[in-house]
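One chain follows as structure tokens, the form predicted on its own.
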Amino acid sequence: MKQAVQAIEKKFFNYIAKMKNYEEALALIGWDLRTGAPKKGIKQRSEVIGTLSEDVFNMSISTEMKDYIEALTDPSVQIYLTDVTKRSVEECEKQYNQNINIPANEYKDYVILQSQSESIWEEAKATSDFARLQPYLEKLIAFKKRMVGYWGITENKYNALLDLYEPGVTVDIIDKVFGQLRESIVPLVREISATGSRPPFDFLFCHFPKPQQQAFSHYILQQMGFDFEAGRLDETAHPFQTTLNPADVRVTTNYNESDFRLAIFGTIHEGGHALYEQNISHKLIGTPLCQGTSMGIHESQSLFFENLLGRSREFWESFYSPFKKYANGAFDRVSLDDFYRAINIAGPSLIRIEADELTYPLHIIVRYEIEKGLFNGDLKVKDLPGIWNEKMEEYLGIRPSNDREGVLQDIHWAGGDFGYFPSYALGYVYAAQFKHAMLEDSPSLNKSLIEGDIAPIRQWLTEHIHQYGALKKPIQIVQEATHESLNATYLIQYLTKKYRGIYRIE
């Protein structure tokens, strides 16, 4: 019996490995599309993506996959299966059940539409013309709603989309957590605004040549522990990180010679994602578990490195000196204290990726409420620019003057990624909770950071989070790493203490 089960296991993982090979090719094509592929080649490239995606889709719902799932979920064989096999089968069964009722040709059309829509988004954003993108969004949302219907879900369609990115998290949970954040952050933002002052920050906008920014970005990734023999750093319009496999993890960033923060903090952010992927156990390669367990946990790693580390005073006590050298002396007369306060200024801003730590969750709440309205309410695509502007004014006190700095600023909706945005703020909550647990376990880690040694921090994260990939579910990761369930208290305490200190509010 045991040998027979092992034979089925081997065939199952060979089948999965073939699917993962297709997905690696798709990831490479997607990376190329977003890092400089010729415009005239996009249409044909979209067809290629559609064809390969259709093949992967068909493999996920094939009779062969069904047979593997049925054989390996038989109670009589469970005692012979490893945890890796059990979780892999569980993931495949979930995907099978989601996809089996979706017509393959319709899925192919959806993937092609995604690629075309992302390309149109670039044009619409450049011209601040939401009407250019509107019909594509309407089609994407119609597709999504049909897919949710194929899954057999008739109520709370948005919960089904949330589950794609953050399994186990529902609207009820997010409403509670986001409500706590909103109730704490909005008054603090107003309190800071009422001070009528902010730390000096004009010196941040000095000329910082692109080659020097590239060099420092490379340097800081090395210090974080990014393995350049298993990854690379490239330039793109909208920073992202993509993984072909743990030995080929790619980071992209965007450079602005008048504002180094976009590249430096963008690189650190995407580097946090990359470290997660590079440190997944290699025993999971070729399985559906060789990836982050959820978008929220993934985002916790990028925000942990970008904000809780990268914007901390401890971090810059070690890295400010080399930073000044890369900046060609532009900051030689700027004290560490002034620099630290300047990179942490808080205040309403229009662009999410440029938002400060304090107001960032409010940007996510705006998007969350809009998405919920699109799928659970009666909000129409044509209404998006107006409702976006109203919510920005309500929560942040500012109103976009055009769609480029408003509803068109992010690529996510153009790619059909509805349900994704909440993971950013959930990741922030996770990150603060992980930091609290980490310091409880090892109070000396702050000292290591001051000394420029990030390795102990990375090792803690690898031990408790990275190595497991999707072997453990997000709720299990949080519970075992922090010994409690999701708790927004630590983020609220962190933001309150930090920004009251920066603005010297008693």
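Please read all numbers here as calculations on a predicted model, not as lab measurements. Between two forms, the rigid core is the largest collection of C-alphas that superpose within 1.5 Å. Just count from 1 along the sequence shown to find any residue number.
Below: the form predicted in complex with another copy of the chain, not depicted.
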In the model of the complex, does residue 232 have a heavy atom within 4.5 Å of another copy of the chain?
-> yes
Please check if residue 32 has a heavy atom lying within 4.5 Å of any heavy atom of another copy of the chain in the model of the complex.
-> yes
Report yes if any heavy atom of residue 11 sits within 4.5 Å of a heavy atom of another copy of the chain in the model of the complex; otherwise report no.
-> no
Is residue 21 one of the residues lying within 4.5 Å of another copy of the chain in the model of the complex, judged by heavy atom distances?
-> yes
Looking at 50 to 58, 64 to 72, 459 to 467, 477 to 485, which lies within 4.5 angstroms of another copy of the chain in the model of the complex, counting heavy atoms?
-> 50 to 58
Output flag, 28, 227 and 250 jointly within 4.5 Å of another copy of the chain in the model of the complex, heavy atom basis | yes
Note: exactly one of 334, 285, 81, 215 sits with a heavy atom within 4.5 Å of another copy of the chain in the model of the complex, namely 285
Across 33 to 69, the residues having a non-hydrogen atom within 4.5 Å of another copy of the chain in the model of the complex turn out to be 35, 36, 37, 38, 39, 40, 41, 44, 45, 47, 48, 51, 52, 55
Is there a C-alpha shift of 2 Å or more at residue 450 between the shown form and the other one once the rigid core is superposed?
-> no
Core-superposed comparison between the shown form and the other one, residue 48 Cα displacement 2 Å or beyond | yes
